[in-house]
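Only one chain comes next, encoded as C-alpha cells, the form predicted on its own.
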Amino acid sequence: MTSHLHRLPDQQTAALLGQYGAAVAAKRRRAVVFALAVAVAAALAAWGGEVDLRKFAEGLPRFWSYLYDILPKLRPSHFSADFTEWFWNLDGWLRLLAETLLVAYVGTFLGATIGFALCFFASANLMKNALARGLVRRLLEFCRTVPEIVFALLFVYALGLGPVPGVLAIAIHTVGALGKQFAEVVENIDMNPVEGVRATGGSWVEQIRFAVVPQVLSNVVSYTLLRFEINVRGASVMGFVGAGGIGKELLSSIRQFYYSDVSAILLMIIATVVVIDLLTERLRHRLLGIEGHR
C-alpha cells in the first residue's frame, strides 16, 4: 500500500511550530507558577506551625537512640530464653489485643451501618430536598471532623473507663468517613435502573433497594473492609485515654521506661495490622473483580 504525504508550505509550518512552542511555553509557565505557589504555601504553613529544622536535627539522634533502646537483647546462645523474657506477658497482651480488635470490629459495624443508611440522604441524585441533603452532609462532616480521640475522651468522662467509649468514638467517626464515601459512590451510579423502577411505580425505598444497592454493594463492602483496617490502628491508641484495648498497656510501658515491653507490644500491633491488611486486601480485590489478587 502506498501513501502520499503532502508537505505544508514553509510559512504555514513555521506558524504551526510557533503556536506549538507558545502552548508548551505557557504550560511550563503555569507549572512553574503552581510549583512556586505550593512552595510558598508550604513555607507559610511551616512558619505558622513554628517548624524548627534546628530542633528537628538536634532531636533526630534521640529518636534513633530511643528506637535502639527498645530493641530486645536477643543473644543467639540464649535466644529461646531471651525471646520468652521479651514476650513475658504474651497472654495478657493477646487478651488486650483481642479487645482492641473487638472495639474496632463493633465500631466499624455500627458506623458502617449508620453511614450506609445516611448516604442515600446525602446523595444529590437521590435526595432532591436540598435542606435535608445539606443537614445530613453537615452531620457527616461533624462526625468525621472531630478526632476519634476527642470523642473517646468525652465518652470516658460520661461513661467511665472501658471499651464502650472506644466503640462509640470509632463508630461516630466511621459514620462520617464512610457516609461521605458511600454517598460519592451512590452519586456515580447509572440512573437508568432507578428510572426503570420509578416508571413501574416503585417507591423511593424500592428504587434504592432494587436499583441502587446492587450497583454499590461491592464498593460499600470494600470501603468498609478498608475502614476496619484503619480502625484497628485507631483502636490501638484508644487505651491512651482509658477507652479499652492494648493502648493502655503500651502507654504504661512507655511512661515506666519498660523498653522491651514497648517493642513487644508494637511488634504485635504491627503484625496484626499487616495480617488484617493482607486479608482485607484479598477480599476487596475479589469483591471488585480485580485480577491477579494475591
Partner chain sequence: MSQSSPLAGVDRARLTQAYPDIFSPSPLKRIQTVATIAALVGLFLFGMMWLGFSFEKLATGISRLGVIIGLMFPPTPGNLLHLYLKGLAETLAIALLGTMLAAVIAFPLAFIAAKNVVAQRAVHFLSRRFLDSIRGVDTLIWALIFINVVGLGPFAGILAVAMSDIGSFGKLFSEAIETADTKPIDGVTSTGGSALHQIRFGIVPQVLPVILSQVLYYFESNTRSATVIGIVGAGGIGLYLSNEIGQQNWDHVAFLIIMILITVAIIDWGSSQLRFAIIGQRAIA
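Residue numbers count along the first chain shown, from 1. Given the structure is predicted, the values throughout are model-derived calculations rather than measurements.
Same protein, other form: the form predicted in complex with the partner chain, not shown, and the subject of what follows.
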| query | Of the listed stretches (189-197, 81-89, 156-164, 120-128), which one has a non-hydrogen atom within 4.5 Å of the partner chain in the predicted bound form? | reply | 156-164
| task | Find the only residue in I114, V213, L102, V185 having a heavy atom within 4.5 Å of the partner chain in the predicted bound form. | result | L102
| field | the partner chain: the contacting residue among L139, V220, I149, I208 in the predicted bound form [heavy atom, 4.5 Å] | value | I149
| Interface membership of A98, the partner chain in the predicted bound form, 4.5 Å heavy atom rule | yes
| Does the partner chain come within 4.5 Å of any heavy atom of L168 in the predicted bound form? | yes
| task | Would you check, heavy atoms only and a 4.5 Å threshold, whether R144 touches the partner chain in the predicted bound form? | result | yes
| said: Since only the chain is shown here, I'm wondering whether R62 would be in contact with the partner chain in the predicted bound form (any heavy atom pair within 4.5 Å). | reply: yes
| request: Heavy atoms within 4.5 Å of the partner chain in the predicted bound form is the criterion; list the residues of 245-264 that meet it. | output: L250, L251, I254, R255, F257
